[in-house]
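Next up: a single chain in structure tokens, the form predicted on its own.
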Amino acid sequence: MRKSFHKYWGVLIILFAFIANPVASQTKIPSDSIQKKMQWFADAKLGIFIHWGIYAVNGISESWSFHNKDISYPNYMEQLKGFTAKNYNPNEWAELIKESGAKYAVITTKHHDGVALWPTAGSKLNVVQSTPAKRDLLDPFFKALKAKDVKIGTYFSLLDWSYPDYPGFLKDSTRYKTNDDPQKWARFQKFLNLQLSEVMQNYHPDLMWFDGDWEHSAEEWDAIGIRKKLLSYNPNLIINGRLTGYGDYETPEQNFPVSRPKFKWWELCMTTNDNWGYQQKDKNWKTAYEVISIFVDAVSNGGNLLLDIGPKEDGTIPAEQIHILSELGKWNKKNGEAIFGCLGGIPQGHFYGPTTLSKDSTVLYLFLHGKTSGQVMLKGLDTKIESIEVLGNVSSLQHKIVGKISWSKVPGLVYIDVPEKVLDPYITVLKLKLKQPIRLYSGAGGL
């Protein structure tokens, strides 16, 4: 993941461009050409991100810790000796992910440090040959996910800061020299394509989640060639936007949208504390309410949430993350009707909170944060309401139209009385069944 760029002005410029204009930086593929294959992703809404690697041994930043010289490269690689995966239970992982309500999961097959979680033929720097784990960690997890009908996603770092023929981009680096040797780059590309072929042939992912594209141009990476190669294995493969723009959807990182993004498909990737991988000193856990509210906000704005967990080196998942996913799952079981398979909601200003719509636009869902009770207001609804109910509760709610004038085209205000007894511990969802597809008035209220 992108991290600790403050030390390098060149990378700061790239990061600024990504935040300021993610459309330009992430996708160059016409959306109408991929509509069909993207449908499951659009309906999925929730994925679980898994950052697992040798960095969990010392609980330090994945790859960036040696890149930014917080630790020497040899000391970073000493963690290989402590990566045991001795308590790794892929079935338990898959069960937790399924219970959270997630429809897909993405795991780091290889981060920027070059340590692969599978027995790659391209390098000895993998968990089978170079760690006490001594086994393929991906295969059993992917099989467990498939058994639970959860889609498979593979995070893959394009760059590799450990591979001897990878040209470093920092001129002050003491670990490798920056040069323009075409033979070295050709050897690296051969290695890169070998590993991509292994991942595709061995694990058959539904989604490829690239990272690390910023160090080279699309032409240098041969982004078009990589995309073509991957799709030759699986024409329905979904590729994220970090292939220098030759992906299918956008992947904003940690930054929450205030207004709805203009992307057709997008996914907010976000940590459950402040770090992607396991760091025992990081106790700044998000609460279940905070995660659920961010999730609802992403879906309301037409996107997905890719929520990260970072297992320990032995394969156990921190209790705090288990709690978050469990609570998220309980909420989804009760309120999932308003999330999965729904569309982003109505424009801001009509309701003071997140909303979603059924695909036929005849059901409007309103999300009430925290302990919201009493009257809530809906503006500009120009469609008659057939009924209102609280999801997960037998209660039907009454509504009142205020300020409707017979001769005016401007609809009245809808007030809904929400008693405290029907409130969800986290976010309450109201289901408004409409008599016909929703119509909204968004004018200035004049004659």
Ligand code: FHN
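On a predicted model such as this, the values are computed, not experimentally measured, just so you know. The first residue of the shown sequence is 1; numbering continues from there.
Although not depicted, the form predicted in complex with the ligand is the subject of the following passage.
J.: Which of these stretches, 209-217, 117-125, 91-99, 297-305, has heavy atoms within 4.5 Å of the ligand in the predicted bound form?
T.: So the stretch in question is 209-217.
J.: Though the ligand is not shown, can you say which of D222, D282, E327, E253 has a heavy atom within 4.5 Å of it in the predicted bound form?
T.: Flagged contact: E253.
J.: Which of L138, C269, L366, V106 has a heavy atom within 4.5 Å of the ligand in the predicted bound form?
T.: Partner contact (heavy atom, 4.5 Å) among the options: C269.
J.: Do W64 and the ligand share at least one heavy atom pair within 4.5 Å in the predicted bound form?
T.: Contact check for W64: yes, within 4.5 Å of the ligand in the predicted bound form.
J.: Can you tell me whether W276 touches the ligand? I mean in the predicted bound form, with a 4.5 angstroms heavy atom cut-off.
T.: Yes, W276 lies within 4.5 Å of the ligand in the predicted bound form.
J.: Any of the heavy atoms of H51 lying within 4.5 Å of the ligand in the predicted bound form?
T.: Result yes; H51 sits at the interface with the ligand in the predicted bound form.
J.: Would you classify Y155 as touching the ligand in the predicted bound form, given a 4.5 Å non-hydrogen atom cut-off?
T.: Residue-level check for Y155: yes, a contact with the ligand.
J.: Could you pull out the residues of 101-120 that have any heavy atom within 4.5 Å of the ligand in the predicted bound form?
T.: If the 4.5 Å heavy-atom criterion is applied to the ligand in the predicted bound form, 101-120 yields H111, H112.
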